[in-house]
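Just one chain is shown here, as structure tokens, and it is the form predicted alone.
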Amino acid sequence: MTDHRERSRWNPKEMWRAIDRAGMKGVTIAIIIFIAVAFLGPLVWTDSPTQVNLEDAVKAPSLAHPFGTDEYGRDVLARFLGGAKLSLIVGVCSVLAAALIGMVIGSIIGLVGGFTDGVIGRMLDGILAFPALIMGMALALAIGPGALAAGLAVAITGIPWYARVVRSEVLSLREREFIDAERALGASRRHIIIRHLIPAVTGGVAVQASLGVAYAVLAIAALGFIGLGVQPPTPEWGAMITEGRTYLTSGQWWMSIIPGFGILALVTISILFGEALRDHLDPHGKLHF
């Protein structure tokens, strides 16, 4: 059975104290602020992110437009907020999908082993041969560019990583005495997976998912940058950088630098939070990645 001390690590108060002791309270607060800005910001700053106004094209930051305007006169702050919300939704949903599917696959192959482990393992290795950017390009050509192609690319290429994490943990757990006791009592594999193995590997998956969000944001932005991600006029950070890069040499920096800073900030706090979570859940470096 799961040790009481392991369960207590998921107590919110204990987690907050651990983050505070590790000096990572600021990172957690930054994540909360970022999420609040992405989802509540458009309710406060109500300018349309898609409204074209050529008379205000390429205006520098001002009181009327704190982040300036782009080449079509669209408010960059409104587009920045829209891009933040889209990056969070697509990134988090794709990572959750990959984590859930990867947990199921990793639990099965780790528990069953043998031929099943070998066949599915080779299939997962084949998926790993395709980075998210390449997979996204292929899906964009197949189903058309957009958020769906970007999200599917991140989810599909992320599944093997979570499956590997879970498989490694299951291999180390399946010979434990409590698993043998469950088998002796006639428990099915599904019962063992759901009741014991998945809760036991949740920590490793949570760490991987925290780091995976950073990777997902970069992949989505990269697809948008090359024109195969979310399509205009929908605001997306990678596409915003592409649209504004031609103006960098003439001094209109805000169109590319501001969305670039958004990517940097979200990726950085995701990585820092993932590292803090790993330090808390795995202080002795026993998790397998």
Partner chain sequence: MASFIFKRVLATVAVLFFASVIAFLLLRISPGDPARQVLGPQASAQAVEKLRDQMGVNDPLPKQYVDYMGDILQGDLGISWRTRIPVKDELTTRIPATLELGLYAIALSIILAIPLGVLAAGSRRWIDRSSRVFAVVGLGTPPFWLGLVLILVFFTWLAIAPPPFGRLSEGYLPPPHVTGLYTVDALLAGQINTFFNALAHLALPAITLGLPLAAYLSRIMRRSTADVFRLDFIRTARAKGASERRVMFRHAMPNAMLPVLTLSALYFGELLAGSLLVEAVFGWPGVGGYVSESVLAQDYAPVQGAILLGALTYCLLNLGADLLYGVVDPRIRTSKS
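Note that the structure is a prediction, hence the values are computed from the model and not measured. Numbering follows the first chain given and starts at 1.
Not on display, but discussed next: the form predicted in complex with the partner chain.
Contact annotation for the candidate site: Ile35, Val52 and Gly146 all lie away from the partner chain in the model of the complex (no heavy atom within 4.5 Å).
Interface membership of Thr28, defined by any non-hydrogen atom within 4.5 Å of the partner chain in the model of the complex, is ruled out. Though the partner is left out of this view, Pro131 does reach within 4.5 Å of the partner chain in the model of the complex, counting heavy atoms only. Taking the partner from the other structure, the partner chain in the model of the complex has no heavy atom within 4.5 Å of any heavy atom of Val58. Within 4.5 Å of some heavy atom of the partner chain in the model of the complex lies at least one heavy atom of Leu264.
Checking Leu88, Met135, Ile198, Ile105 for any heavy atom within 4.5 Å of the partner chain in the model of the complex turns up a single hit: Met135. Only one of the listed residues (Ile193, Val92, Val205, Leu218) places a non-hydrogen atom within 4.5 angstroms of the partner chain in the model of the complex, and that residue is Leu218. Residues within 4.5 angstroms of the partner chain in the model of the complex, judged by any non-hydrogen atom, belong to 117 to 125 and to none of the other stretches in 94 to 102, 72 to 80, 117 to 125, 180 to 188. For the stretch 207 to 229, the set of residues having any non-hydrogen atom within 4.5 angstroms of the partner chain in the model of the complex comprises Tyr215, Leu218, Ala221, Ala222, Phe225, Ile226, Leu228, in sequence order.
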